[in-house]
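Just the one chain here, the form predicted alone, laid out as structure tokens.
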Amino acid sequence: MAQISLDKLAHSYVAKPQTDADFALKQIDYVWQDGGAYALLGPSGCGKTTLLNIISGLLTPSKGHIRFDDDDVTLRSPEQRNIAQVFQFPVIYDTMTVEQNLAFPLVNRGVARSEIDRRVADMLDTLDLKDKARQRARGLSADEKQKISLGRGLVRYDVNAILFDEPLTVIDPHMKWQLRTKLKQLHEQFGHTMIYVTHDQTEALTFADKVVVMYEGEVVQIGTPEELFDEPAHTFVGYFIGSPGMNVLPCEVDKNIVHMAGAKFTLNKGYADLVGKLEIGIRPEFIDVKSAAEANGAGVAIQVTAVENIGRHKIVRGTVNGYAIDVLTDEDQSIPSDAYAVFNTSRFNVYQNSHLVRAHS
């Protein structure tokens, strides 16, 4: 296992990049702690796989260096880095049996036969493949083959890191939950450095200690699931994390006073003079829907366009001053015809040009 340091790392698929727009991965400086569980989260094309392939050695960065502990591995191959990587689609040997596939990485490294047998038996049990141990991989289903791919990465205990590139894409939903739980357990048991690429926030938030959120080739926030939920560093993080995502509404800010949708809100914290595009971010969980009388002048009128019942909760969708807004309410709450959105102002986040602004008091 190793601490992985990214030093002024950037990559472009353009021969002679001139501007930031030419870079698929914009500059990143970060240290992945030895034994940490990380997720790279973002939409397709945001640079997740590019970054993962640079860490694994499948891709040489255009700029910067990558170090395992104090060792510069920027120009080394995946084999020289001692990396295990699990890809989106199964990479296995169809003519081998399940147990032969699982044993193959260990055989190649000269591990003792007794140790191979023990680890393979453990992995067969972990992946619920014991009854197919001697079956050739050719006849297995897609999700069973992908479980073998996962096992081939996890069966090695000596790796510097295990990298997962959207490994559960072909797994059925129920099995996804089981394997996510198992990956978390194995991480806690063996302490491997694990980096997991996904566009699924549920996978990222349930697996990782730290989530790296990427957008248009840039790392916009690195934090715990709680930090991403409570204080998104960028409006994109607010949109992307949560179901529904964070509401973002235009506003004006004067010290501790927020003017929004024709209403004035007094905050318990103040801000320096702000210019540019100013917005308030607030999660649907921190808004109430009340009648005009119940709101008693405390909120803003909301034009309700739809109410979606999702079991224990309702999502109230509407507009405020022409801007979309979502509110999460209890399933038994009635929605008045003269609805007002009443905000928990202690949960307001202020954004300047899409980036979170910290209060100064």
Ligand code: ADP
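Each residue number is its position in the shown sequence, starting from 1. Fair warning: this is a prediction, and the values are worked out from it, not measured in the lab.
Note that the form predicted together with the named molecule isn't included here; everything after this is about it.
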Practice item. Have a look at 300-308, 328-336, 60-68, 36-44 and name the one stretch with heavy atoms inside 4.5 Å of the named molecule in the predicted bound form. Key: 36-44
Review point. Within a 4.5 Å heavy atom cut-off, is Val342 in contact with the named molecule in the predicted bound form?
Key: no
Review point. Should Ser56 be classed as touching the named molecule in the predicted bound form when contacts are defined as heavy atoms within 4.5 Å?
Key: no
Check your understanding: Going by a heavy atom distance of 4.5 Å, is Thr49 a contact of the named molecule in the predicted bound form?
Key -> yes
Exercise for review: Could you confirm whether Ala24 comes within 4.5 Å of the named molecule in the predicted bound form, counting heavy atoms only?
Suggested key: yes
Exercise for review: Would you mind checking 129-164 for residues with a heavy atom within 4.5 Å of the named molecule in the predicted bound form?
Suggested key: none
